[in-house]
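In structure tokens, the next block holds one chain alone, the form predicted alone.
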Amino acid sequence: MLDERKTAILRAVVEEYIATASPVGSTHIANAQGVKVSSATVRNEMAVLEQEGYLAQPHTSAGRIPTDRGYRFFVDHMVAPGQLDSEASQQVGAFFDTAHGRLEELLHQTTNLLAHVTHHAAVVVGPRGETAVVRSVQVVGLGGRAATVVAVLSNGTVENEQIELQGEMSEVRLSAVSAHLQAHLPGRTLDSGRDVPATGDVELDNVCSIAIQSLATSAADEPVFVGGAASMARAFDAVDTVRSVLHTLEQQYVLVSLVRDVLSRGLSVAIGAEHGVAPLVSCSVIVKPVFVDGEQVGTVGVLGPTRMDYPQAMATVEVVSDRLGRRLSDGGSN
């Protein structure tokens, strides 16, 4: 554990580097609030903090910058549960007070909201459709042997899957498929929908089976929405770093695994190499589960450079997680 003076100096370095992205010198820190000692004393303390792994000196004549260990100490010991500033609080409140429409649109817009307020990339993982109940279902022919099956679920999700038929079917026959599914699927989950009774018509039963299987497979996936990639591009000077980060943001399965792994380790903030995703080693991630009636139904998070404004980002993720959970509890699409 650091003593009071080293803690104050580390805090001042972290906060100044977050604000300026420039190495921090001892003269500036000597005048910082809570420090008030000579530049020589600050230099000595900064040298000790560097030896202990909390600070680094990128160039011999330059000031210091925080390391991942320095940020971790800052987050664990210096960041109190923050309050959103009034402007951000108004933006979040206004969004959820007026949000409506399908679940996918709500989650997509929530991602944009997070990215806009924090100026970082945002990730929202929504609830799987496999646990939701079917409200309505329809099969529509696309011509030839192709058709689309559309199901509206109780969580606001609209599952839309194209299927291939074994042969061409008339609209009348496809309407019969829709009628049978509509008679037996509503009120069931898509997984239990595999047990709908047969019609006795082999062709119709085959299409029903294909439609239900296609929907159930699709609903098992977690919907993932990513926004704010442009903010990440502006956060780094090195072109290679930008390219690596943006490429990783395009890989949704990596982001879902990252979010799930961070939460499984009991963390809400993973800094630099802590999250284990090598292309994002220059980034930190802040995540928070979304709960409805005590059950986790999704996750919200932001991903930014390790020099992100942790208090503001953590407060934003906390508030958005809470508001999204309450919105989904009310019936996300109502």
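Since the structure is predicted, the reported quantities are computational estimates derived from the model, not experimental observations. The numbering used is simple: start at 1 and walk along the sequence shown.
Here the subject shifts to the form predicted in complex with the DNA, a form of this protein not shown in this document.
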query	finding
Partner contact for residue 40 in the predicted bound form: the DNA, 4.5 angstroms, heavy atom	yes
The DNA contact at residue 28 in the predicted bound form, heavy atom, 4.5 Å	yes
Partner proximity in the predicted bound form: residue 305 to the DNA, non-hydrogen atom cutoff 4.5 Å	no
is_contact(residue 14, the DNA) in the predicted bound form, heavy atom dist at most 4.5 Å	no
Option from 277-285, 296-304, 40-48, 261-269 whose residues, in the predicted bound form, bring a heavy atom within 4.5 Å of the DNA	40-48
Partner contacts for 61-80, taking the DNA in the predicted bound form and a 4.5 Å heavy atom cut-off	61, 62, 63, 64
